[in-house]
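Given as structure tokens, the chain that follows is alone and in the form predicted on its own.
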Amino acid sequence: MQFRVLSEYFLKLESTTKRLEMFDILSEVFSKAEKSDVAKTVYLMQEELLPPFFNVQLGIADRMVEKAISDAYGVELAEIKSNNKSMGDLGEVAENSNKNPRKSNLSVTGVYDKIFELSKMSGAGSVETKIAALVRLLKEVSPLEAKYIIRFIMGKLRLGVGEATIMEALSKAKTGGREFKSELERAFNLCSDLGYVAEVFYEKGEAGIRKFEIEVMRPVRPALAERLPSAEEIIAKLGKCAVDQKFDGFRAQVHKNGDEVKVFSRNLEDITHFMPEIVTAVKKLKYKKMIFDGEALTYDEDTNTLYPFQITIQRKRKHNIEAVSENYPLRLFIFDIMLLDERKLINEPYIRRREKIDEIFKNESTISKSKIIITDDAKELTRFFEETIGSGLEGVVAKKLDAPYSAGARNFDWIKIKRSYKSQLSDTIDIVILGYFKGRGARADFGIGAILGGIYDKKNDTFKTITKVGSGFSEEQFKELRKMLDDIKTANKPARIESIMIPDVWVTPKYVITVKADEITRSPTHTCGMENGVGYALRFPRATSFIRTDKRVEDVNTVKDIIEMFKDQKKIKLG
């Protein structure tokens, strides 16, 4: 496919506010895509050169793009800067500056590869080299192509396309219906690379996707736990189950392939660089290939006690890791295993996977096992919970004994009870920012007084409103939030947002925050779970975190979560 054709589809996607129209446009794109460029088409739609775990960065700043546009189109740099300030969109600046009337013949792959080359340029003189390469690319393309190339480079494509909708569109394009989406999603959950899944689909068809299996160095999307408010309900749901300790640290998925070891975070970023002692310990294990799941926490070597998350988070520093490691060493608590040499354990029952953990790992300083009990007694579960939180941990997770590892799914194979479940509302809630309301009174100077928050409707791949949040942020956070949100603001409501409430400024769903509320109430104002004109809302919400960099927008709480929490909030009990 030619990139100019894809750019025309991008324009259509940007112009629609209707999800069904978006789906039809995407289906048409994928019906025209070829084997050679379908993966790159997916990556461009996702606004990434490769998934986060490849750790590929473009490293291009605004000033570099301004200079490239100026050099490519012979417009004074001062004018480019002025236009950028007034438009707030370097893509539009490039489009308006490009007077090239001819149509480009560059393919999607041709443009993608030229952009990818920019990520390889580093070291002395790389700024000038990148600008020169970008100038050459901009000279080859039409105004519309220039717009979307620059927007992609700046991370502001603004298409509002979700993974679920892409998978549905791929299914429709190749099979004629949406039903094959579930198989594509299974494959995606096993490798976390939607471009790669699309490529396999186009090369090997439906059979290739059905045979798709986990591979070392391609992170598995993590299994997640549902929640229930009482030990009795957990036992009623699962019967005899394993009850595992829940730690408050870094979720760490470890991959070993010979002497190569990588560690991936909850949102599948490569975090190997700040876990050197874990890498060293894993390299010593006798197995050639491994994939296992755990939680990493810092600890005090003298007292053998775990530090709180606020200390552990310091490990995210990119520099001086050696000194931090010496003062705050890490311990990895392993709670699941998905692959061991050629044996794929991911579909085996949990109890078999746990037996393999017990066989392989000892409780040592760097790598330990989580402690579990197996019970069908609610009182014993409660005692274990109380013992666990008494030792400073977060809670427990009850696990179905015969369940596989449910990659990318939140279901009742795993059920959590946390320390916070003793409060009236059972847990904090992760929401996505959908827009903001301008500040008034004392907050007029910030330009923002509250944000419009939403949750995820997995069935429809949309975001539905649940609350306005105006408390919990500091003055500095409000100012920073205004800057971040203005960077992703949109002229119209994005197609994936379903809302009755209209904020002063809409934004592309990109940022996640955590909130606490007194309770969940019924509301005619918010679209979360709305039926017959009544939805769900949060009463007296306040932010408990700033931006959650460890979560994607699809990882926020769902409509289903909210409805379950609404039912449970009046009957919170333990034992």
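Heads up: residue numbers just count along the shown sequence, starting at 1. In this text, all values refer to a predicted model and were calculated from it rather than measured experimentally.
There is another form of the same protein, the form predicted in complex with a small molecule; it is not shown, and what comes next is about it.
At a distance threshold of 4.5 angstroms between non-hydrogen atoms, K551 is in contact with the small molecule in the model of the complex.
Contact check for K256: every heavy atom lies farther than 4.5 Å from the small molecule in the model of the complex.
Using a 4.5 angstroms threshold between heavy atoms, F335 counts as touching the small molecule in the model of the complex.
Looking at E185, you'd find every heavy atom of it more than 4.5 angstroms from the small molecule in the model of the complex. Across the proposed site, E95, L134 and S142 without exception lack any heavy atom within 4.5 Å of the small molecule in the model of the complex. Residue heavy atoms within 4.5 Å of the small molecule in the model of the complex occur in exactly one stretch of 204-212, 171-179, 392-400, 231-239, and that stretch is 392-400. The partner is absent here, but in the model of the complex a heavy atom of F247, alone among F247, F274, F152, Y73, sits within 4.5 Å of the small molecule. The contact with the small molecule in the model of the complex, taken as any heavy atom within 4.5 Å, belongs to E295 out of D457, E498, E295, D413.
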